[in-house]
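Here you'll find one protein chain in two forms, each presented separately as structure tokens under the names structure 1 and structure 2.
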Structure 1
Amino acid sequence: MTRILLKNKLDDCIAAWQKAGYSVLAPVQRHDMSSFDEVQKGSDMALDLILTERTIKDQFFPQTEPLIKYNISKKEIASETMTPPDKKRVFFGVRPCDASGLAIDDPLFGWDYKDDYWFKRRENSVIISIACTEADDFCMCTSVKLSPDSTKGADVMLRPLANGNGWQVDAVSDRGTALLESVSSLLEESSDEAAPVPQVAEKFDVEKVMEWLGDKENFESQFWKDISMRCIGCGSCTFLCPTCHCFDIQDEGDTYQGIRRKNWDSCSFALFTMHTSGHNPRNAQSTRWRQRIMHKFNYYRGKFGVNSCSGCGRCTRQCPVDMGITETLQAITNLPR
């Protein structure tokens, strides 16, 4: 027997959380774009999507984040530090790859200097992950040693019932236990079986990839030039990635007032590393693509003990030139040794 949440109790569940002061966010399809956004009832949710086009990362590390508001007058400069809204949030129906992405980025935003903007949102949020019942050709969670029902980064795990009536519900963290406590009257015991998770074939051998990337001899290999030839440096893969975290800090406004903002940036762009002198350490698209792959599967692991990829496959799914990380990692796997 496990606890289940029936679909016809979902609206009550949302209402109970709202009453307890939470906003509820879930996958929604609006116009041509699917993303995580606030919902009022179960029918607002697009839980059938294999994956939202935009990642849950947007809700923790927004595309643009106001840091400091400033006003400049003849006499003085007034500035005010801006903080993220102090709002408790429940994320319902997060795919395991997106939830893992948050857990992967935690050490980066926390090492030595703690990024308050990230952690304030993290500490105020409860992640309810949902196991996948379907995968597409781009999914690659198993290739990075995760799975369609991984609980990494989750506070509560949902497993869709085979009969389609609801979900098995398990708390996987203290925060999750507390959240379920608040709706315990809406849950019931049941022996209904969970739907099977999909088979996601391994697309590359991550051990082989890591070994090849770790060999200093390969840093200046012709491989990088050949494999990145198609890359147009648009940055889509980085913006749609649940773990990419690079940003810029810019003052936006007029002469007298404005806001200093933390904006998404991308290692795909030439300006990203350009010095004032004109010298650019990563002066070709191939060196920038190499940086992206090395960062994800070598440098990040060295620093934080985990690869900076959760296998969602968006980089490949949405790439305008049909490139993405998968192809590069497959090619590395298949290189003659």
Structure 2
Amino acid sequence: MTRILLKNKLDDCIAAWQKAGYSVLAPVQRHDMSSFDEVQKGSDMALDLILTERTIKDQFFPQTEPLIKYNISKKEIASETMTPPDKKRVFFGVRPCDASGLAIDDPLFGWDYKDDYWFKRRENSVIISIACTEADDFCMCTSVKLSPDSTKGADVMLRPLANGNGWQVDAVSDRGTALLESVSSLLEESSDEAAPVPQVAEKFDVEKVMEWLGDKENFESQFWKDISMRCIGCGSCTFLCPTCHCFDIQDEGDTYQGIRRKNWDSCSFALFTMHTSGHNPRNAQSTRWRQRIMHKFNYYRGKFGVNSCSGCGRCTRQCPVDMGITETLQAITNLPR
């Protein structure tokens, strides 16, 4: 027997969590764009999507965020630190690749400096993942050693029932256990079977990729120029990636007052590494594409012991020139050794 949540009890769950002070966010489809946003009832959710177009990362690492408000007068400089709202949140219906992306980024945001903006949101959030029952040609979670029902980054894992009436419910963390306790009267015991997860074929050999990238002889390989010819440097792959995390900090205002703001940036942009002198160490798109692949499958693993990719496939799915990292990693896999 397994605990289950029936779909006809979902609205009661949402109401119970809201009463306990949580905002409930879930996949929604609005204005031709799918993303995570606050919902009031189950019918607001777009749970049939294979994957939202925007990632859950947006809710933890916003595209733009104020850090400090400052005011400079003749005799003093006043500043006010701006912090995220102290709001408890439940994220319902997160796909395993997106939940994994949060766990992959945790060590980065706590590395040489603890990013309180990231961790305050992480500590105030409970992640309820739903195992996939469908995949498309762009999904590649198995290629990076994850799976359609991976629990990495999740606090609660739901597995859709084969009869379509609800989900099997399993707590993955203490935070998830506590959240389920608050709705325990709405859960039932059942022997209903879960729907099977989809078979996601491995699209490249990640071990071969890491081996080739780790060979310094390949850093200046002609391969990088050939494989990146189509890349237009738009940066959409980085903005839609659940693990990409580059940002810069700018002051917006005038001499006397303004706001210091953190904004997303992208290693695909030509100005990303431009020095004040005018020198740019990555002055060609091929060097920027090399950096993107090296960072995800060589440098990040060397620093944190994990690849900076959860296999969601958005970079390929949404690429305006039909590129993405899958093609590059497949090409590396097939290079003669």
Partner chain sequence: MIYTPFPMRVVSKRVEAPGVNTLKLEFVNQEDHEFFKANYHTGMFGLYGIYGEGESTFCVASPETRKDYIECTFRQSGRVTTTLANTDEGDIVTFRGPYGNRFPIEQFEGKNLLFIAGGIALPPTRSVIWSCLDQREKYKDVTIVYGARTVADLVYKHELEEWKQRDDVNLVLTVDPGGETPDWHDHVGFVPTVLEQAAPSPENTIAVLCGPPIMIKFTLAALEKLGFTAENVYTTLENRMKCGVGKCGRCNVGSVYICKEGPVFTAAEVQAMPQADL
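When a residue number appears, read it as a position in the sequence of structure 1, where counting begins at 1. Rigid core here is just the name for the largest C-alpha set that superposes within 1.5 Å across the two forms. Keep in mind that what you see is a predicted model, and the values were worked out from it rather than measured.
Chemist: Two forms of the same chain here; which is the form predicted alone?
Modeler: Structure 2.
Chemist: Quick one: once the rigid core is lined up, does T255 have its C-alpha move by 2 Å or more between structures 1 and 2?
Modeler: Yes, because once the rigid core is superposed, the C-alpha of T255 moves 2 Å or more between structures 1 and 2.
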